[in-house]
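Only one chain is shown below, in structure tokens, and it's the form predicted alone.
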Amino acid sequence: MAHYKVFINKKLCKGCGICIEICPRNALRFNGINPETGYRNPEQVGECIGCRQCMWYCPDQAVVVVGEQ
């Protein structure tokens, strides 16, 4: 079974939270404020199943989901 990792580009993320809301596994949550941009950034806190909903719905293209073998 493959494992997946969610990467957030903190320079592109504007903290809208769509990725957090769309995740069927509740694998993402906000991780405070990014001091460089002033926006909230999500982080992976749970198991990602690789559906890539967060990636497809991100309006800023700040999310990448990568499968690990």
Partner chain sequence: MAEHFGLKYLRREVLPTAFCPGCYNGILMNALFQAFMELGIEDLKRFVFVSGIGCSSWIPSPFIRADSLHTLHGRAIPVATGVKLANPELNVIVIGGDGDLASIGGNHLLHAARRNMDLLVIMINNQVYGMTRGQAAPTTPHGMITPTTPYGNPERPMDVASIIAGTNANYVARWCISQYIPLKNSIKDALSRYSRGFRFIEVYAPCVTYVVRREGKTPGEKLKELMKKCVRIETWRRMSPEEREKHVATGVFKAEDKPGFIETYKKYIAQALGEK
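Owing to the predicted nature of the structure, the values given are computational and were not obtained by experimental measurement. Residue numbers count along the first chain shown, from 1.
Below: the form predicted together with the partner chain, not depicted.
Problem set entry | 4.5 Å heavy atom contact, F30 to the partner chain in the model of the complex | Although the partner chain is absent here, F30 would stay clear of it in the model of the complex, with no heavy atoms inside 4.5 Å.
Exercise. Should I49 be classed as touching the partner chain in the model of the complex when contacts are defined as heavy atoms within 4.5 Å?
Worked result: Heavy-atom contact with the partner chain at 4.5 Å: absent for I49.
Exercise. Taking heavy atoms and a 4.5 Å cut-off, does R25 contact the partner chain in the model of the complex?
Worked result: No - in the model of the complex, heavy atoms of R25 and the partner chain never come within 4.5 Å of each other.
For this session: With heavy atoms only and a cut-off of 4.5 Å, decide whether V66 touches the partner chain in the model of the complex.
Result: Yes.
Exercise. Quick one: which residues from 11 to 49 get a non-hydrogen atom within 4.5 Å of the partner chain in the model of the complex?
Worked result: Heavy-atom contacts within 4.5 Å come from K11, L12, K14, C16, I18, E21, I22, Y39.
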